[in-house]
Ligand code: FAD
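Before any questions on how it binds or moves, here is one chain, the form predicted alone, in structure tokens.
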Amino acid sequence: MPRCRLPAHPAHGHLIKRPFESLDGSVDYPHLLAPLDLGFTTLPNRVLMGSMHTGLEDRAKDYDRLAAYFAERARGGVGLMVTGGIAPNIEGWLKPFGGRLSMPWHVARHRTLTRAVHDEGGRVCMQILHGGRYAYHPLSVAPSRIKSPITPFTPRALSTRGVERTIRAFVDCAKLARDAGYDGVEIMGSEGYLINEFLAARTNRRDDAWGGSAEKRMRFPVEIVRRTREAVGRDFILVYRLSMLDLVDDAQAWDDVVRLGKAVEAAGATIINTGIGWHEARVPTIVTSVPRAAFTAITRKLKGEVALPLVATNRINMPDVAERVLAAGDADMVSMARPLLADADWVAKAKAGRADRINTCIACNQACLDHVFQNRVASCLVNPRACHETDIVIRPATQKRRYAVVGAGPAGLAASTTLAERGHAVTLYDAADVIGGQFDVARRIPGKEEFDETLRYFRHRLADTGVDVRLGTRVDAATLAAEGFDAVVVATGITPRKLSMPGGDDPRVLGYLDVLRGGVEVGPRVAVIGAGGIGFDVAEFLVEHVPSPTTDVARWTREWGVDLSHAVPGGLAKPAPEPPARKVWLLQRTPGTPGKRLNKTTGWVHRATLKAKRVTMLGGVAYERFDDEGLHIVVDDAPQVLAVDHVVVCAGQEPNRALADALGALGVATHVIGGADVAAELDAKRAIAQGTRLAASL
């Protein structure tokens, strides 16, 4: 076939010499898989594994685990990786005793990581991150004494000598990183951390040489980059994470972003990575309801202003998305953190023309960011081995056995495919005609379209591992016992609770499964009983139009008030949410505001979405009855009637253990996982992890 010629890189004029070919000989992702010449070194492709804290960076004893995590991704072909944030001094800790590289004796633990990566042929940079006013400890510092809205500590304002001392700390940290064997460092200048705080009038009220005008505010990052380059030499990758869209008020104007980009380039940076949004911003930037590649236009806006390679980021999770971004000229590289948590072989599968086998990141945040905020080691809902490579080891079975798995939801899919991968003979039963269980329901929620990707992944994985799949088959204990399986894994899921009140059996009182599966036409006024995760999902399903804005960048940016033209500093505009499809009341028995128990990194997005759709959310509700007048409730001792057409019940569920109990009575070896084991709240993270760990141990 003819060679594929790519446009010259704007900085280096480098053309690839040979395309990467898929198994059928076609070139699927020529831009994504093209090498990138940095002058003193060449990266094998345009994939940068972005920085993400795992919780393993903070203790020396965890660096063997951290090394295994990075080594697996280096083996998978990532062009360049960046570690989670490492503080350059104690003041810069994200939390007490967090990851830090400031003393010579810290170097040894990092060498464990870099050696493991280099043994696999990979390259890795260490991110230097100073928490600034986001630091969760009383020693925090900032340009000015202004408290962050998301931390309880008020920072101390750095003195002039303190600023110089902090710059030296960045430089010394970079020198130690080089001693530790890193291929470079990324200087974290975005997301509202210390460097970003110096750049914005919002957080920098200084009137000395480090504040006042935009030029003085940008001195801090420029001096860090310039002095770091002088200290580490020319053959060391220096990535600068530039905040291109702050998404807060009193932020950087676009002209200031451009000036900083040019100054950072002149100071010696090798690559400019994109930063999107401060952590205190009112706009979500990484959750699953954000459209894919929603922010790449802002990286493209900087193209031509600087000659360095530019990296686009946020919600780029599949090779076709990355290829479109690069082919359109939006960027020279793409940064992905969570997608490589979900699948360490992401690049290798793209290169082999097997993108349909990628275990796609669904941007749920449940096992990665939520774990980190709980001071737990990160993992991944769809890949529980992430950050647990040394304790979840999938080894070939020493003795092949026959297993039945009943239930093709997340738990059953994880268990059956892991068992089959190990060499066991597995038969998977489900009464439904499709796989997925609750995942097949969840994918219908606006903003959760990504769940389709997980089901696609498991369909291929079932075929590739040779699982005997029997859908549309309701199986009983006697049949399973007669088949003589060595053991049965019961993953039969849950049974939704019914509502016990007068009128609860009215046909207008619906279960959430009936609504989400499309079996019932719901009227224009609806009460949702139960404000847990399922209740919020159902409420969003009822108020959103189809297709939802989560699939359309233009509609989504209007809804949330994002100005990708950056006409105003920070890129904020007035939100213009679309009118709701229905009037919805979201109710809970527990006193207080609904949604307080939702996950930390995504709960606020769900609450804001329903507020924008004018959903009435009530806590402390007592349910009296349902009749032709509507739903009779009592709130704060005051009776009221909601004149609704339908009531949707999301009031919890019970484990469906009937089959497990029957198998136990027959003496069949039985393992119960997923919702059939615990059904307090549907939890795919626990279900997939439980299924995987069980299958790895049998």
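Numbers follow the displayed sequence, beginning with 1. Quick caveat, the model's predicted, so the values are computed rather than measured.
If you look for the form predicted in complex with ligand FAD, you will not find it shown, but the lines that follow are about it.
**Q** In the model of the complex, do 429, 473 and 656 all reach within 4.5 Å of ligand FAD through at least one heavy atom apiece?
**A** Every listed residue reaches ligand FAD in the model of the complex, so yes.
**Q** Any idea which of 432-440, 172-180, 213-221, 135-143 reaches within 4.5 Å of ligand FAD in the model of the complex, heavy atoms considered?
**A** Within 4.5 Å of the partner lies stretch 432-440.
**Q** Is there a non-hydrogen atom of residue 421 within 4.5 angstroms of a non-hydrogen atom of ligand FAD in the model of the complex?
**A** Residue 421 lies outside the contact set for ligand FAD.
**Q** I'd like to know if residue 381 sits close to ligand FAD in the model of the complex, meaning any non-hydrogen atom pair within 4.5 angstroms.
**A** Yes - in the model of the complex, heavy atoms of residue 381 and ligand FAD come within 4.5 Å of each other.
**Q** With a cut-off of 4.5 Å between heavy atoms, is residue 392 one of the residues that contacts ligand FAD in the model of the complex?
**A** Looking in the model of the complex, residue contacts with ligand FAD do not include residue 392, since no heavy atom lies within 4.5 Å.
**Q** Look up in the model of the complex whether residue 261 has a non-hydrogen atom within 4.5 angstroms of ligand FAD, and give yes or no.
**A** No, residue 261 stays farther than 4.5 Å from ligand FAD in the model of the complex.
**Q** Go through 451, 93, 403, 236 and name the one with a heavy atom inside 4.5 Å of ligand FAD in the model of the complex.
**A** Only one listed residue qualifies here, and that residue is 451.
**Q** Just give me the single entry in 415, 491, 334, 245 that has a non-hydrogen atom within 4.5 angstroms of ligand FAD in the model of the complex.
**A** Selected option: 491.
**Q** Taking heavy atoms and a 4.5 Å limit, what residues of 403-423 are near ligand FAD in the model of the complex?
**A** Contacts from 403-423: 406, 407, 408, 409, 410, 411, 412.
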